[in-house]
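This document opens with one chain alone, in structure tokens, the form predicted on its own.
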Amino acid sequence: MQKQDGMNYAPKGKPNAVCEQGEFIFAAIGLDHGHIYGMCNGLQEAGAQLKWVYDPDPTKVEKFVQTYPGVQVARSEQEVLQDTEVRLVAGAAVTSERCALGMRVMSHGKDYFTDKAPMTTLEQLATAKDIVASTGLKYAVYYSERLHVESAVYTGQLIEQGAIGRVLQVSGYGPHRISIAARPPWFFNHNQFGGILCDIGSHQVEQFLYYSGAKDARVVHSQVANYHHKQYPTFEDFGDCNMVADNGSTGYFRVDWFTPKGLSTWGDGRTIILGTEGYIELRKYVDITRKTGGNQVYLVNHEGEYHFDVNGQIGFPYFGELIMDCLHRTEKAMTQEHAFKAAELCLIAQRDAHLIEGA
């Protein structure tokens, strides 16, 4: 697993198949972001069979085939979409093109699993809602910073068990290493990546909704800046946002591209959750200066102080639940309403963001 570059961060878990061999076949289309590897890892570990890959860039395809040697290389996107065995298509296209890919996938009767952010405009979101309503198919989203992080999964279990009472506030911090030399040109084009609050901010919005148990929220204030990358005029390297949920919980998050070279991983992602009966801190990818690594959960409540190292202990149930949801048309992994609400709020935060003067 790549620890230095978040774009190629692809967690691997223990195999835990929920279906028989050949029962759930999927394909990969669009290899523009390295998250496609984490998506495919998770699905395969849950028992899905990867049949096809397609991308117009042969270099990306060659790398993908080296990672997944049994996959067939499609000659065109249509070759994948017309295969009736394929139930779901996973894609990590350029962010602005993810919704259009989803429309093509779903128009061929297949569920769609996209990298975050799932779209870059509210107009695209409306289109996605329409096709979901008309087809009953899934537009699933890989919000990996909760779904593919064991400390984040375990924290959800603690909250569900009542470890900190009612959640009052969620603070999320999502710093990332920029690794400029490894980034494609579209990464710096606002129209293509959607802005920092739309992009990596989508993780934070989703976590706020999930941990607080909210169905909706309003954006109170958001702001963005380009402090240090003026060679890319439409890029944003900093953003933050305040929200209030429909149940009264408040949320704050900060995202940025300023991870220093001295950090052992791509970003010191953390989440702090305050409840009426205690609080939890997640140190997701690193616990600085300690050898324990990431996936550290700290809990304080009326019963005492607790530290949980959950590396390799929890697994990633989302992928198996997604497969079963596709097979049985249920919504255990994540409701469509939740996936779209997280997308909507990060798009609103981005649209309404104040550009910091003097940056």
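Remember, it's a predicted structure, so these values are computed and weren't measured experimentally. Start at 1 and count along the sequence shown; that's the residue number.
Omitted here: the form predicted together with another copy of the chain. The next part is about that form.
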Just to be sure I understand the contacts: of Y154, F188, Y252, Y210, which is the one whose heavy atoms reach within 4.5 angstroms of another copy of the chain in the model of the complex? Y252
Exactly one of R166, K215, R104, K129 comes within 4.5 Å of another copy of the chain in the model of the complex through a heavy atom, and that residue is R166
Heavy atom distance at most 4.5 Å to another copy of the chain in the model of the complex, all of G136, P184 and G294: no
Only one of 195-203, 87-95, 137-145, 274-282 sits within 4.5 Å of another copy of the chain in the model of the complex by heavy atom distance, namely 274-282
Does another copy of the chain come within 4.5 Å of any heavy atom of P233 in the model of the complex? no
Contact flag, V300 vs another copy of the chain in the model of the complex, heavy atom cut 4.5 Å: yes
Any chance T289 has a heavy atom within 4.5 Å of another copy of the chain in the model of the complex? yes
Test of understanding: in the model of the complex, would E77 fall inside 4.5 Å of another copy of the chain by heavy atoms? no
For the heavy atom contacts within 4.5 Å of another copy of the chain in the model of the complex, list the residues of 36-66 involved, in sequence order. none
